[in-house]
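One chain comes next, on its own, written as structure tokens: the form predicted alone.
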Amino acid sequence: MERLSFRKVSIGLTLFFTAFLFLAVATLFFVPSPSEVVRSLRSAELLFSLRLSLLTSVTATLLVVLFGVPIGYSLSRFEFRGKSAVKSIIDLPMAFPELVLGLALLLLFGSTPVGRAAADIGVQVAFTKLGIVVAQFFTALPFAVRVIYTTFEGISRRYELVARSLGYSELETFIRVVLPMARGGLFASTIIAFARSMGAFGAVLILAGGTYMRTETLPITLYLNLSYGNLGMAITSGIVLVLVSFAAILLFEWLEGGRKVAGS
């Protein structure tokens, strides 16, 4: 009876908070009038911010995967001095607000040796579209690395030892054995990185400036229009963000479903 009661309470809490979250998200779709949403969707500002968000988020996601996979693998498989400190530093952006991360990046690419070196080769990061990608990259990377690291940790090292005993090099073992077994985690980390990049706000606002029709991503559009009192445009930006995130999740589920069917 005690177990049954605990089961009911657990399921009840799950359903309650799921319903509450669904109601909160659904409110976005019912508060504005359809004509207001359509008018906002056709505006030059929203179209610009949507294109910019998609372009920068895809770029940042590709960079996150490119760097996140070797980082996650090295943390999972190799021992080296300072490994615990490295893991803690990589996880650090998940623990403090994006505004702090944006401020740190702004200072880094300002009057520091890193900023001066970038300026010497003609690379301007602060208050540019490149700054958006940089902010999105550092916002999304810790989350992706955490998923990738956990994925590699779940793969037995015996497969790699067998592959090495058959004559595969370390790189060949990684590409032909480990990566195929980690596809699910890599898909998940890619979706998480894209979603985090699309939703990045504080770091983008500080580093890239959030300039109207220049470095204005969808979250910046939502913020600016909410500040101006243009509630219809702000809500429409939120709707677009929800739809893009939902489409990304559906794509992940479809890819995962196809992979399971192919493997059965």
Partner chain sequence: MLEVENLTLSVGDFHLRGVSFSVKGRDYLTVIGPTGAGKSVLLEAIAGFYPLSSGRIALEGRDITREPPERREMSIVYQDYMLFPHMSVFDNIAFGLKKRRLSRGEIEREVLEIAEELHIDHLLHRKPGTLSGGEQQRVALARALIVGPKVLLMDEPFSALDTKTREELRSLVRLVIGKHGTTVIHVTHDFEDVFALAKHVAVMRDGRIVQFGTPEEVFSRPGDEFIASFVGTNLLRGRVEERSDGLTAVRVGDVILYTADEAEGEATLSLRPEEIILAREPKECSAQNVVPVEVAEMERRGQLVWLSLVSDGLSFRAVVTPNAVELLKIRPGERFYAIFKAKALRVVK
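Residue numbers count along the first chain shown, from 1. Here the structure is a predicted model, which means the values were calculated and not measured.
One more form of this protein, predicted together with the partner chain, exists but is not displayed; see below.
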property: Gln124, Ser169, Thr112, Ser74 - the one with a heavy atom within 4.5 Å of the partner chain in the predicted bound form; result: Ser169
property: Answer option from Met181, Ala117, Leu92, Leu99, heavy atom within 4.5 Å of the partner chain in the predicted bound form; result: Met181
property: Partner-proximal stretch of 133 to 141, 152 to 160, 188 to 196, 74 to 82 relative to the partner chain in the predicted bound form, 4.5 angstroms, heavy atom; result: 152 to 160
property: Any non-hydrogen atom of Arg164 within 4.5 angstroms of the partner chain in the predicted bound form; result: yes
property: Arg176: touches the partner chain in the predicted bound form, heavy atom cutoff 4.5 angstroms; result: yes
